[in-house]
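Read the single chain below, which is given as structure tokens and is the form predicted alone.
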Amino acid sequence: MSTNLQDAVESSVASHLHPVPSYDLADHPLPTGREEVWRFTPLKRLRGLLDGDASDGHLKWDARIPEGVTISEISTAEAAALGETLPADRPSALAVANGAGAVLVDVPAETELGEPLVVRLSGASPDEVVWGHIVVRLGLHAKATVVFEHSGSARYSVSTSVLVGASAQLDLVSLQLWDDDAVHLGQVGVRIGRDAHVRTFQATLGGDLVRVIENFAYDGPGGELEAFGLYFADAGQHIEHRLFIDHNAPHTKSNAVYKGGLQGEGAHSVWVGDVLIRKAAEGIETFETNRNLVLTDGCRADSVPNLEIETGEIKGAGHASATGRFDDEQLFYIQSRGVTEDEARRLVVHGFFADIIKKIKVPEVEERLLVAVEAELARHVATPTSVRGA
């Protein structure tokens, strides 16, 4: 995208539900909780990540780097010069301001990785505030799978920009497998090049509070996006995923599918999916789906799909959302085959998540997530439930 066109897009009103992105903290005032984009988030549990104080804290990086990939440190000015996506909220703006530069993950043009690039980031203490700033760049015609895995504990806010060149193919996986006392605020901004194909996968199974924002836009026609995700909220845990897909170019496609499970008193999940179809985005196709399975009483699942359509010259657009408990008939059928009630419930949940986990197409990650889901189920004895607050 040319600089003039990029500036025009970013200076316009991107959406009625999303603020204009900006590096300037003055454009991201301290939220009160009454704002649309913050109304579901328990602000008191963010513990310093809205205040803006600098920190020497850092996460430990352990990377498995395939041949042809470079990981280097660049300045904040250099990240801006690359055309990174701008911060869309206060935490991401603070992450850039306090990050003391950025980490650039660079896959050159024409490079095709034979194995995934895996980056493991771990924190040592929930008392440590960590600001992160990451740029992932995939060159023209490149093909790569990039995995970020988060574990341990910290109070972590990160701004991640993903720049995908024309005709490139990227599978981007992010795993939030934090300890129970961690707080994670993340913005992932993705620019999809002309005729590029991007698949993203977000999995959140840990942490006290995790809030991940994904913003997608197209740098030309022909771009395709598949956005998948899963989350599992336990007692007292708040998990929030927000997607904004900006169809700002014609003949582009997007499909978002997120699934969540909840169990335990006070478990709270939030999924907000917003698709903006601009006047220029003729001939596009888009669909978004969110499904939530409530395992016990005392849970709340908020699911808010949105479509903002500025042109009727499209191939198709739609959304679907559902929140419910176990299907009694399904459980009865399984138990009639000699399976215990607890095992029947485990099989239902396993089947609910298994199809989306297989979308990752990284065997070691798929296996890890299936084990993690089993571990989540083992933490609570499932009982019949009714849906509350859905």
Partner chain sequence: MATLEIKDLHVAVDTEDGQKPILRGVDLAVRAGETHAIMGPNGSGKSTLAYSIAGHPKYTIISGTVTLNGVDVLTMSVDERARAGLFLAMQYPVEVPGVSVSNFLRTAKTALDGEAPKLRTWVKDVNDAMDKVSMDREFAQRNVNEGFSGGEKKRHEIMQLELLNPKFAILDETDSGLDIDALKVVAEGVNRFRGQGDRGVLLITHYTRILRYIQPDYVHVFVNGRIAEQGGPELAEQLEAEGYDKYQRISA
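Numbering follows the first chain given and starts at 1. What you see is a predicted model; the values in this text were computed from it and never measured.
One more form of this protein, predicted in complex with its partner chain, exists but is not displayed; see below.
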Are Ile65, Glu115 and Val119 jointly within 4.5 Å of its partner chain in the predicted bound form, each by at least one heavy atom? no
Contact residue in the predicted bound form, from Ala322, Val339, Leu30, Leu43 (heavy atom within 4.5 Å of its partner chain): Val339
Would you point out which of 65 to 73, 346 to 354, 43 to 51, 361 to 369 contains residues with a non-hydrogen atom within 4.5 Å of its partner chain in the predicted bound form? 346 to 354
With the partner left out here, check for me: in the predicted bound form, does some heavy atom of Phe332 sit within 4.5 Å of its partner chain? yes
